[in-house]
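Before any questions on how it binds or moves, here is one chain, the form predicted alone, in structure tokens.
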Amino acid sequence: MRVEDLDFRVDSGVYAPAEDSFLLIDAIDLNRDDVFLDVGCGAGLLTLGAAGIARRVVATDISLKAARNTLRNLKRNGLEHPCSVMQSDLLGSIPPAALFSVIAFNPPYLPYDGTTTQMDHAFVGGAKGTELTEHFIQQAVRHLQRGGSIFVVSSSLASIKDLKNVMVKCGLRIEVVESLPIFFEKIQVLKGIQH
């Protein structure tokens, strides 16, 4: 299913898909056997795209407003049956025994710049920009099927070296599968493959 064909709406206060969202969508190649987890689903664009392909899809967001927005978008497109949507801080609400073949996260990935806005939760990933993503990686590897993959978006403005070090320590082999220069940064999709 092409995302252009979806009836997709973004509620006020929910992160609207941007270049990084589409870069992540392009990076992930799902098949009918995949069990997919979309962490930080926002309005659910990636979730909807996955729901048309994967065997099972779970979507989480720390924002109840975002989780509800995703659920409404799934229902609007008749895709709610292969999906579960829940409010969760990263993977905190995922049962310990739940395993996924593909896990994706488009995190807040910018370093804190000293100013505060109402959308910092969608953009700022910590002092160096990777703290939240590093925490996600440590949780996600415990829910990854053997041979599964984790996809994360990162920015050249953040400490990608630290993020890659955490991925390696968690037993992942890293590939840069997509990248895009935008203004003063380059965004990348890192794929971590379990050995």
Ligand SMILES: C[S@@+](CC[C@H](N)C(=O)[O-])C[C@H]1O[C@@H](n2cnc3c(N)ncnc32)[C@H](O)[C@@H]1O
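From 1 onward, residues are counted along the sequence shown. What you see is a predicted model; the values in this text were computed from it and never measured.
Separately, the form predicted together with the ligand exists; it is not shown, and the next lines address it.
*Asks:* Choose from 154-162, 141-149, 26-34, 62-70 the stretch whose residues reach within 4.5 Å of the ligand in the predicted complex, heavy atoms counted.
*Replies:* Among the candidates, contact is made by 62-70.
*Asks:* Does the ligand get within 4.5 angstroms of any non-hydrogen atom of Ser88 in the predicted complex?
*Replies:* Flag for Ser88 set to yes.
*Asks:* Using 4.5 Å between non-hydrogen atoms, is Pro108 touching the ligand in the predicted complex?
*Replies:* Result yes; Pro108 sits at the interface with the ligand in the predicted complex.
*Asks:* Would you check, heavy atoms only and a 4.5 Å threshold, whether Cys41 touches the ligand in the predicted complex?
*Replies:* Yes, contact at 4.5 Å.
*Asks:* With the partner left out here, check for me: in the predicted complex, does some heavy atom of Leu132 sit within 4.5 Å of the ligand?
*Replies:* Judged by the heavy-atom cut-off of 4.5 Å, Leu132 is in contact with the ligand in the predicted complex.
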